[in-house]
Ligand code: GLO
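Take a look at this one chain, the form predicted alone, written out in C-alpha cells.
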Amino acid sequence: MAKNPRYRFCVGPWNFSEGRDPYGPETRPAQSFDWKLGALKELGFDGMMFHDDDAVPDIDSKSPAQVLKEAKELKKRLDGEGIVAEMVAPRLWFHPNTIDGAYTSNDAKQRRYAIDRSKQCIDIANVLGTDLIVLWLAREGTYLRESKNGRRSTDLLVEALDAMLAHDKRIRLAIEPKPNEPMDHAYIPTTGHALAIAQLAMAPARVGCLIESAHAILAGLDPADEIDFAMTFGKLWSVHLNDQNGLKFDQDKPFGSANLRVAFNQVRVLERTGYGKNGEFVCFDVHPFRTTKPEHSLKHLSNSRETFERLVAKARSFPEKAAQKLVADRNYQDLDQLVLNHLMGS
C-alpha cells in the first residue's frame, strides 16, 4: 500500500520478539540488532524507539564516557540506514535496585539510582537526536497498599519528573500509563492520571503522555477516548497501537487483530485531531504470535501498518453527512449499522 505522507511509522527492537510469554520460553531464534535495523529499513519504517539499554547494552557496567561513545556509534548506524530515533526510555523495571519501585521505592538509594539512570537516558537521547523521553512507570505501584503511602509516592514521582526536567531544558517527558502488570496496582494507571501529575511538575508544558491501545483496554477504557482526551490538552506525543483481547496479560497483538471497530475509532480520532501533523510517530508496539514461524516473524509489523493505512482510508471515506443526520435524529441503531457496513465494505 502506498505510504501516507502524513504519518511516520516506528517500532522498537523488542517488537522483533522471539516468542517468550509469561508462561513459556522463546520459540524462535534471536536476531542481531543489525538484522533488526535492516528489516526495519526493508519494511519501509521511518524510526526506531529505544530503551536506554537497547541503545547501549549492559549500560550499568559502563562509564558515562563509554555510554556516550556507544550512543554516538549507534547514531551513525541509524543515519546510515536513514532511520531516526523516535524516543528513548529508561528501563527501570529489570534491575535489582527497582524491585520495590524506582522513583517510588521506599529506599532512598534506589530512588537515586532511578533518577541518575534517567538523567543518563536523557544524555543518550540528546546524542541520538530526539527530545522525547518515555516513562513507562512499570514498578511505580505496590503489591500491598500498606507498604507505601500513595500521597508520598505521588510527591516522589513529581520529584523525579522535576529532576529530569532540570537536567535538560529541552527534553519532553511522555508518561505511558498502564493500570497493572507488573505491579498489582499502578500509581499512574490512566491518561487522566498522567496529565494530572504533569500539572505538578516544574515545567508542565514539557510533560505529556504516550497512549498504548492495550494499556487503555486493560484499564477498561476505550483507546479512542483516551486519545481524544490527550489531544484536547495538546499532550499526545506518541502512540503505541496494538490490540488486546480482554483483561488478560498485556498481549501486544497486531493492530486491529482483536477488535477492528476499536482500531477504526482510534484511527478516526487520530485523523480528526490532526495527529502526525507536528511530526509525531505512529508506533506499533506489537509482537508476533508465539506460534509464528521464523520465516513469518515480520508479518505482525507489516500487517499492523497495512491495517492502519486501510483504516485511514476508511476514516477519510466515512459517510460523515449521513452519520450526522442519524445523530441528529438520535437514530443510533442505524448509525451502528452504518459503521458496520462501512467497515465491511457494503
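Model, not experiment: these values are computed from the prediction. One-based numbering along the sequence shown.
We do not show the form predicted together with the ligand, though everything after this point is about it.
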**Prompt:** Can you check whether K235 is within 4.5 Å of the ligand in the predicted bound form, heavy atom basis?
**Reply:** no
**Residue contact check: R268 to the ligand in the predicted bound form, 4.5 Å heavy atom** = no
**Message:** in the predicted bound form, does D250 come within 4.5 Å of the ligand, counting heavy atoms only?
**Reply:** yes
**Message:** With a cut-off of 4.5 Å between heavy atoms, is H51 one of the residues that contacts the ligand in the predicted bound form?
**Reply:** yes
**Complete:** Note: exactly one of K178, R172, R117, R139 sits with a heavy atom within 4.5 Å of the ligand in the predicted bound form, namely K178
**Request:** Could you tell me which one of C121, I227, M87, L241 places a heavy atom within 4.5 Å of the ligand in the predicted bound form?
**Result:** M87
**in the predicted bound form, segment of 155 to 163, 88 to 96, 199 to 207, 257 to 265 with a heavy atom within 4.5 Å of the ligand** = 88 to 96
**Message:** For a quick check, can you give me the residues of 203 to 223 that have a heavy atom within 4.5 Å of the ligand in the predicted bound form?
**Reply:** E212, H215
